[in-house]
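What follows is a single chain, given as structure tokens, in the form predicted alone.
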């Protein structure tokens, strides 16, 4: 239960942070749980607070339900279900739909995967969004960490042994990261081009390079690596052509 001391600590903390010029969270749910340690695991709260979800004020209620307008525990927690409840929006089988309310592209791609079929069939080994992205952080695993995660099921001697899958996932992720970094570098260079017409033409080429990169990412969410490789190679070719134009000032 929320105790009076917790309320006071929360209000005082809010006043002090506002006075010092710190940004204040827009999530009343998080405010209350931060003011009452132990109500939710500290690691879960910290993971959310440091995430893109926290920075963009995607509050607890977005995934868990409840009433963020109230500090009264019974009212605030009304209709919230434990994640083990099959009706909970954060139950593993429901999580793709919950995350997909914002992340539509990844959801559509994931629904084409065999992993999604396992999840919908109730297979406890079927991965869901949190398997790769964490419970609240919404992060991407490093290529090495992704390889390790895939190996928990597909490694030699595991439940679905395919030792080639983890290594392929790592290589694909490394390729995607490299291409994204190149695209970022290209756009930084484009921003410094003084000629407006040339800058607009180069930005259009950057957008054309980004399209297959997005498609490769979606293929990754579907775990269709042949398609991912093909789209990634197209993105690489377009990026190479873009850098050629950037290196030649006379090229439009």
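On a predicted model such as this, the values are computed, not experimentally measured, just so you know. Positions refer to the first chain, counted from 1.
There is also a form predicted together with a small molecule; it is not shown, and the following applies to it.
Participant: Looking at 207, 227, 39, 201, which has any heavy atom no more than 4.5 Å from the small molecule in the predicted complex?
Facilitator: The residue from 207, 227, 39, 201 that makes the contact is 39.
Participant: Quick one: of 181, 156, 82, 121, which gets a non-hydrogen atom within 4.5 angstroms of the small molecule in the predicted complex?
Facilitator: Answer to the contact question: 82.
Participant: I'd like to know whether residue 187 contacts the small molecule in the predicted complex, with contact meaning heavy atoms within 4.5 angstroms.
Facilitator: Residue 187: no contact with the small molecule in the predicted complex.
Participant: Please determine whether residue 171 contacts the small molecule in the predicted complex, using a 4.5 Å cut-off between heavy atoms.
Facilitator: No, residue 171 stays farther than 4.5 Å from the small molecule in the predicted complex.
Participant: Can any non-hydrogen atom of residue 212 be found within 4.5 angstroms of the small molecule in the predicted complex?
Facilitator: Looking in the predicted complex, residue contacts with the small molecule do not include residue 212, since no heavy atom lies within 4.5 Å.
Participant: Although the partner isn't part of this model, could you tell me whether residue 60 comes within 4.5 Å of the small molecule in the predicted complex, counting any heavy atom of the residue?
Facilitator: Contact check for residue 60: yes, within 4.5 Å of the small molecule in the predicted complex.
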